[in-house]
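Okay, here we've got a single chain as structure tokens, the form predicted alone, with questions on binding and movement later.
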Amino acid sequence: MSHRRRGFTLIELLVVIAIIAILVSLLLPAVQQAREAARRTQCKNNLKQLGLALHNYHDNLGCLPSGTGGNGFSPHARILPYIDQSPLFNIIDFNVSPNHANNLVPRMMNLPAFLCPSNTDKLPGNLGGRNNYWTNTGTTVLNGMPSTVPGNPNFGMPVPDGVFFNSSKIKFRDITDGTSNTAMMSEKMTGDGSNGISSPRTDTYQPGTYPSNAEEAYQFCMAVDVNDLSKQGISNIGVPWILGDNDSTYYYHTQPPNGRSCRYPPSRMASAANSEHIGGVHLLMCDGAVKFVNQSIDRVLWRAIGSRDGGEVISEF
């Protein structure tokens, strides 16, 4: 008497495959969410470590590093010894510019301390080391200090009211709004590397207008036609970290988190903090705390957080 083995029918096999596919489709988003949660945690920890480094720098030198120091170096370059990068710090030639051939090796180096693991890097590799953690310049629109020459378009403009700017040497005692109420650093994504592509989340646009304050900068920037490639400004955003510049290391509190960035003549900026994290950005406060700020935060409150001595009343955020 023979016994026939019963195998799967084609229909049964297809049902099993379909069930497996459904299970995978249900599991994949959970895996992706778990990975992003881990990346967010690492990003937050990176900012905490940078905050600690900046506090140690202040303890040792009596002030925070300049947003754009001698020869144009960034705060990131100055704090290298405080993030276990003394050998790299020691090969930087601070007597020449960051773009000098003497600084090619450090300029091209990517450091995990300056990189958010959620960031998607689309930049060409030859532009230099990437940076996702930018210092707060404040709520004014000038890229630098106002001119002292009467008749200059930037004569009499307000000086930067943030914590890091051209030749700044801010002490914690200068932050009269309170270190727990004032932003020190936030996140910013790297650019798409091409002015032939419009990427509203990362590109810097050129409206061609002349804002005199934060609200005008915001309104002019929101009105620009991002599909008009003639309005493209800079797409190589976030490089190199060694250079203190509005395209690489410092941002403004004129625009809300995940807002649009713009540049205006003559030498005026509105560069927004942004991130790949859904809904907002991590913000390092001057007291060392790291908070996640929702992108829907009130613009007035966001600007109050950006100034060091505005005397504003800061509500919970």
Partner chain sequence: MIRCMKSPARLGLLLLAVCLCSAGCEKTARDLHLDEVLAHESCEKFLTAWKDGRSADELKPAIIGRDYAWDAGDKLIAFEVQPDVFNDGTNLHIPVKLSLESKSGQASTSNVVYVVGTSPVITVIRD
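Numbering follows the first chain given and starts at 1. This structure is a prediction, so every number in the text was calculated from the model and none was measured. In this text, the rigid core denotes the largest set of C-alpha atoms whose superposition between the two forms falls within 1.5 Å.
The same protein has a further form, the form predicted in complex with its partner chain, not shown here; the description that follows concerns it.
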query	finding
4.5 Å heavy atom contact, residue 91 to its partner chain in the model of the complex	no
In the model of the complex, residue 78 touching its partner chain (heavy atom, 4.5 Å)	no
is_contact(residue 24, its partner chain) in the model of the complex, heavy atom dist at most 4.5 Å	yes
is_contact(residue 192, its partner chain) in the model of the complex, heavy atom dist at most 4.5 Å	yes
In the model of the complex, the one of 168, 181, 154, 119 near its partner chain [non-hydrogen atom within 4.5 angstroms]	119
Proximity to its partner chain in the model of the complex (heavy atom, within 4.5 Å), stretch among 260-268, 64-72, 48-56, 277-285	260-268
In the model of the complex: members of 291-310 within 4.5 Å of its partner chain, any heavy atom	none
Is_shifted residue 297 between the shown form and the other one (CA, 2 Å cut-off, rigid core)	no
